[in-house]
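Presented below, as structure tokens, is a lone chain in the form predicted on its own.
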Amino acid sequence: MQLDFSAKVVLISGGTSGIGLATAKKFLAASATVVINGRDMRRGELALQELAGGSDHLAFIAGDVTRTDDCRALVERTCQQFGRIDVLVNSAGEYLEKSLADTTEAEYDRIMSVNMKGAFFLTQAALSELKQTCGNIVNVSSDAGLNGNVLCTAYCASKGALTLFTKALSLELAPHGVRVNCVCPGDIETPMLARQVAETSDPEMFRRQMSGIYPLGRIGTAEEVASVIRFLASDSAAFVTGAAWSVDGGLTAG
């Protein structure tokens, strides 16, 4: 496969942990220049250290993608430092497990802002750059962006919106040579999942039950999702756009 990203600049929101951080590692291994984004400066510094932060081909830019001004600033600073954007990975996301009856307006606003609004307006901010480079966009959706999950109405709404945003935007940008795809992971070994498991009364049993729902019999890794993201952004996927790529161990195959 053609996985050489030398001379390419990749911007990753939510790049300081989980799938975003694993994606940064994959692109760096393919000779890309990578900019990771997150809200927390300390987490950004730790991520740079983990990614071998002395590199001239790596930077962290702090910002909150739920703020449109921060989205514009993130794109502007990336272009000021590295001159272009070839790949945008919208990986910033949050999880909410609550019934409709118990979900507050503030919780709804937060989950929609992080999971959908952030991707929408960061993409909007990067649009002219991506058109110039005939670049591509990979959004991190979820199996919950394809199927309904119990007690996840707000989360499913946000990820379902992101999946259809991907498809609609792929049609809008195809005439400009910009490809748009999304990955739809199932449960993945990330700090977010670790927190979810730790909050249960029997974490070991919960983890076994969670693994048991997957046809492949296990939870996925961030690296496995990151590999698919990198493939979709590569020339090997040059005829792939508008795809919602399941990375879920067969969960949504039935």
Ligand code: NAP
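A quick note: this is a predicted structure, and the numbers were derived from the prediction, not measured. Start at 1 with the first residue shown and count on from there.
Another form exists, predicted together with the ligand; not displayed. Remarks below refer to it.
Interface membership of I188, defined by any non-hydrogen atom within 4.5 Å of the ligand in the predicted complex, is confirmed. At least one heavy atom of E94 is located within 4.5 Å of the ligand in the predicted complex. At least one heavy atom of R39 is located within 4.5 Å of the ligand in the predicted complex. Contact check for Y155: a heavy atom falls within 4.5 Å of the ligand in the predicted complex. Only one segment in the set 99 to 107, 127 to 135, 79 to 87, 178 to 186 has any non-hydrogen atom within 4.5 angstroms of the ligand in the predicted complex, and it is 178 to 186. Although the ligand is omitted here, in the predicted complex all of S17, T66 and S142 have a heavy atom within 4.5 Å of it.
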